[in-house]
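Next comes just one chain, in structure tokens: the form predicted on its own.
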Amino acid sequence: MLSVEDVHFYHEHGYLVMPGRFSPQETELLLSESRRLSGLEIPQRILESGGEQVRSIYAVHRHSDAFDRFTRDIRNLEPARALLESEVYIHQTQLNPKAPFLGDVWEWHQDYLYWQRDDGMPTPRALNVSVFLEEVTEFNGPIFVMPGSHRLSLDEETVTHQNGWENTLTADIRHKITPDMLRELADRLGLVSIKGAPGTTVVFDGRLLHCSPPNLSGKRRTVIFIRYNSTHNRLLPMENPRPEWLASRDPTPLSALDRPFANPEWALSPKPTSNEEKI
């Protein structure tokens, strides 16, 4: 359960760091699944600009029973429900395995502007639950945030410069915040680099300005992101929406598991029913 102090810090700063949320055995299970998924030639696997290293894999909960259960683990669902004050469903899942010396940059952005412009999300009543599957250090591409930026509407300062939903996934992102605004906000709000051991959970508002530099170290950095949306914030109809695996339009609320997602008993019992048909 989140404490009163946790909730206050989240609403004040736009993010919350919770170390030791998952065990080494649990993160190792998800890392094993990450390696398996990285070898699949599927549309949801996005490569870095060099065309060899995996940049991201989307909809991992549709391709992996372990990740499917992980999204329903109470340790992920409980903070999402508490902070959004409603039942939730999965808007998107994204696995980011930054390769040593090759993992590319994610520019400064607010996720919600993508969800609004490209998916038809009506309000910013959605958030990220991200879990470190490997140690995140100052050298291997940590998440940088600007505390308090979740209170800002940067719609007018964010310019769309490319057509096509494919350009929401690459290093040269589609919706760019003007450099002048970024400089002003960095000076006013400051920067925080979020680092931590495997099993650390970071929850952050969909409007929080964040980025991730390249992996300049010799160590991998793998993070899983679950984007939960309130069931009261279903996507609006729009022309040419992004694919379902990038923006789910099924607002069926998620049910929490009755035991941890990596419990060995799952191998002996029927797998949980997904709200979405596996791709």
Ligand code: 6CS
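Numbers for residues come from their place in the sequence shown, where the first is 1. The structure presented is a predicted model; accordingly, all values stated were derived computationally and were not measured.
Just so you know, the form predicted together with this ligand exists too; it's not on screen, but the next bit is about it.
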Answer for F132 alone: is it within 4.5 Å of this ligand in the predicted bound form, judged on heavy atom distances? no
Just to confirm, Y114 within 4.5 Å of this ligand in the predicted bound form by heavy atoms? yes
Determine whether any heavy atom of R242 comes within 4.5 Å of a heavy atom of this ligand in the predicted bound form, and answer yes or no. yes
Please tell me whether any heavy atom belonging to S149 falls inside 4.5 Å of a heavy atom of this ligand, as the geometry stands in the predicted bound form. no
Pick from R125, K195, H109, R72: which has a non-hydrogen atom within 4.5 Å of this ligand in the predicted bound form? H109
Of A82, L102, M181, I173, which residue is found within 4.5 angstroms of this ligand in the predicted bound form when only non-hydrogen atoms are counted? I173
Stretch in contact, per heavy atom within 4.5 angstroms of this ligand in the predicted bound form, of 135 to 143, 72 to 80, 114 to 122, 183 to 191: 114 to 122
Mind listing which residues of 213 to 233 have a heavy atom within 4.5 Å of this ligand in the predicted bound form? R227
